[in-house]
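Just so you know, structure 1 and structure 2 below are the same protein chain in two forms, each on its own as structure tokens.
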Structure 1
């Protein structure tokens, strides 16, 4: 039904998401994962940088493994907006015909990816957690489906490029090798401020905490009932970051950047303490990569116990302070007067 000649399409593209010079961690995760795809297909790994005054970002993309970097540099791209990003990206895709295009599954990535895929009639798979290519260079994009019960493999045989947004936090980040060499090419900017459909009045991201980097996490759920004191105290005693279930975020007790789960972050700490969290599939999806999971819940039948290494059935308002106190004691070196 289509007349796409997939032979004309080559290279693996990775979109490097930056805001005001700050690169989103998922970009380096994708670059690392895409290296093996490019090796597999024998093609180039190409990073795409869109923004203003982003030469430095392009150089960092080379140091993280890109063979080539395509840069679209213009004021119109800062701050991010779906319509100029989508249009610029689409023009680049149509002119240069990449085989595979990977974009971080952030709100930004998921916002504009469709504005590239729709006009290009490309296949776009959302929020993947595993990627691979088969012998014919067909991308195998895997994503949890139906509330995380199954892993669906999505393929795109007859359309190009094969696009996917990828969930942040599931892959290791590409290390920086300052001496690496690569080619940086500036491309024509095809969008004009006069044609944009939106205007950003304010962008406020000061409260960012990156829970995906934490070694230890204490996560609060519906059970805390608005009182985070026991959570914070336990987190302090464990030298851990505070995170939350969607319920705790929706209730406004904790900021959304700390949400773990399908619509939140994927975390991979050594220790994950789930406090007053029932263990809904959408939450489990985000915490399954943790090394050791501890559950504190007063309902012995809460599903979270099935997904925990160690569980304590009890009231969190008693268990958390007791645990914190015991840890504080072991922490303090004994001082004899």
Structure 2
């Protein structure tokens, strides 16, 4: 327990994550969801931007809903390293005392959030899928627990700020309003290159695919029995990314970064093709907001069909190649509801 006067803390902060000028989509999702939190608490919605030559990112944060933007702009923040990011973020938190701080549950967010929370004695809840505040402004951070079988609500009444990392893809993005006005403030940079403990010797960023950004997904379940060739061919024909259920990941058929569900990632593509997936509740939680769902399964009673717009009952090893062949014969495969 810490001796914290919660009345000294105010405003809802959102970390806007950018790399080489490209903003991670989860940042705009958090701004949209944080608007309602700020409205309920009667506080400002504040965006934090850390990087180099990032004034354009700050202006985009205003257009997406931030009342104010705090900018720490220096070469020391490019490329990303956990220690300068964490030190700068911690200094800003301790000086300005926000009540709530939201960070995307990306590799970067998960990497440095603890560097802020631990020395600041903040309460940090990781990998949340829902957030809200009660009448006293206490953050209600919800996340899957016990292997995704329950949804736990975690509160940190005795700590400030109340911090949470949020899973990408669970909220709608804040729309851009180019004429919207807000305050942009450049803050003092407290980090010096001579004091940092790490050095980037080489960057390798071209092997990781973020399925939360995909417009089309073909997902493999236990029915593929380790053979993903039909899945990959259908995905290629649809210009889609390959994803998977927990069963396929646990069996080692595909890497964990492509898992959809309560214990994986939340996606909301235009098209989601579920192949050999039964439709367990834990998996549905990760793809329920897809625009169009197509289910392929040889079990006509599989629960996935109750959540699909189109269903194909059949052997996936026959259906997938047939669909892929048909799509490959067209120049521009289109899928509409």
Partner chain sequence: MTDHPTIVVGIKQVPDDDEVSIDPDTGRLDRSSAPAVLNRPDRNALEAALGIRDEVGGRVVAMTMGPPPAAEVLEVAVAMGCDDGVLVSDVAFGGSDTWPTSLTLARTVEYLDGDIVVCGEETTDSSTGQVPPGIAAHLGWAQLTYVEELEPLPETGQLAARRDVEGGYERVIADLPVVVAVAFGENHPRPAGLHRKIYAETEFEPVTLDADDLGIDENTVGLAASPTQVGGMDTIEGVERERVTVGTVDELIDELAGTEVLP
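Heads up, when I say rigid core I mean the largest set of C-alphas that superpose within 1.5 Å between the two forms. Positions refer to the first chain, counted from 1. The structure displayed is predicted, hence computed values, not measured ones.
Enquirer: Deciding between structure 1 and structure 2, tell me which is the form predicted in complex with the partner chain.
Expert: Looking at both, the form predicted in complex with the partner chain is number 1.
Enquirer: Superposing on the rigid core, is the CA of residue 300 displaced by 2 Å or more between structures 1 and 2?
Expert: After core superposition, the C-alpha of residue 300 moves 2 Å or more between structures 1 and 2.
Enquirer: Taking the rigid core as the superposition reference, indicate whether the CA of residue 65 shifts 2 angstroms or more between structures 1 and 2.
Expert: No: residue 65 shifts by under 2 Å between structures 1 and 2.
Enquirer: When the two forms are laid on each other by their rigid core, does residue 24 show a Cα shift of 2 Å or more between structures 1 and 2?
Expert: After core superposition, the C-alpha of residue 24 moves less than 2 Å between structures 1 and 2.
Enquirer: Report, in Å with one decimal, the C-alpha displacement of residue 311 between structures 1 and 2 after core superposition.
Expert: Shift of residue 311 at C-alpha, rigid core superposed: 6.7 Å.
Enquirer: Please state the CA displacement of residue 280 between structures 1 and 2 in angstrom, with both forms fitted on the core.
Expert: With the cores aligned, its C-alpha sits 8.1 Å away.
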